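Next up: a single chain in structure tokens, the form predicted on its own.
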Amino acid sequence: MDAIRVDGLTKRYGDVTAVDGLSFHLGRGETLGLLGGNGAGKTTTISMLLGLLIPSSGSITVLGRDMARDRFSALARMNFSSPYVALPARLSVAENLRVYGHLYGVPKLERRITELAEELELTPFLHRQAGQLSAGQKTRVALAKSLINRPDILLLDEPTASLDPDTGDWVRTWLEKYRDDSGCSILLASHNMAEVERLCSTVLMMKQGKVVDRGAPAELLTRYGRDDLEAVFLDIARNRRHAA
């Protein structure tokens, strides 16, 4: 059973089509990358997977559950992280994790918070207000929030945006280890080409709501005759033909 299966997914806002007939599947323990410019439909896709937006048409199946009919049992086994979604600034890191832990009904919650604080190096500022943290600290707290329920599926929207190279590498290394240790499936939307190339087994190249190409990073590099995904991205964005 796939972790996620999407068939013909479409989202329209009046005359504007934000996502147009999207189909893909994400296997267990795999990382799938959504790559595209601003307005390509990446965040809209993630919002539909989370049940925050209702599709205009098409279907989403998560862990064998039809999201149109039985989304809540699937949502309990998913989680999400984005640096663009701020946690309540006046609550401490521990208080934020406690709130989300209760929402997910996490057993032995205080032990889970302690584990995450140690693994993600949050302990020194666990009782500091979230609004007083640096960008790198906020990113680690957002990751902790997304892992509080030990999700089987993790949806990540630009997880290392605005981070310095060292902190970004730390986050990517940690995600790789978590995926390999837990078998978690990850859907990653990112503008960081090196990040996608490193983490993803399959990449969907999106433009104006449609998938215009797909494949493993190495396949795309060969197809376009390029040395890195950034060059492939630019070819697609500028309507250049690929080499093959």
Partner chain sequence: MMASSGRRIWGLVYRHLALYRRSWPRMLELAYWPALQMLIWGFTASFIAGRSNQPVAIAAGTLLGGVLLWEVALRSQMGVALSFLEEVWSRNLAHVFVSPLRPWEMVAGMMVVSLMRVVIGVLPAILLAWLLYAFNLFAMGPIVIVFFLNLTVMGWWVSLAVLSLILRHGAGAEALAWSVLFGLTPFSAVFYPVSVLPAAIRPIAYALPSSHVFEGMRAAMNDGVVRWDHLAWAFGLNIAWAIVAVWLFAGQFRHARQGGALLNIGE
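Just so it is clear, the model here is predicted, and its values are computed rather than measured. Residue numbers count along the first chain shown, from 1.
Another form exists, predicted together with its partner chain; not displayed. Remarks below refer to it.
Each of 53, 71 and 98 is positioned with at least one heavy atom within 4.5 Å of its partner chain in the predicted bound form. Contact with its partner chain in the predicted bound form, judged as any non-hydrogen atom within 4.5 angstroms, is confined among 177-185, 29-37, 212-220, 42-50 to 42-50.
This chain lacks the partner; the member of 129, 173, 162, 114 within 4.5 angstroms of its partner chain in the predicted bound form by a non-hydrogen atom is 129.
Although the partner is absent from this view, residue 104 contacts its partner chain in the predicted bound form, with a non-hydrogen atom inside 4.5 angstroms. At least one heavy atom of residue 75 is located within 4.5 Å of its partner chain in the predicted bound form. At a distance threshold of 4.5 angstroms between non-hydrogen atoms, residue 109 is in contact with its partner chain in the predicted bound form. With a 4.5 Å cutoff on heavy atoms, residue 11 counts as touching its partner chain in the predicted bound form. Taking its partner chain as positioned in the predicted bound form, the only residue of 132-152 that brings a heavy atom within 4.5 Å of it is 145.
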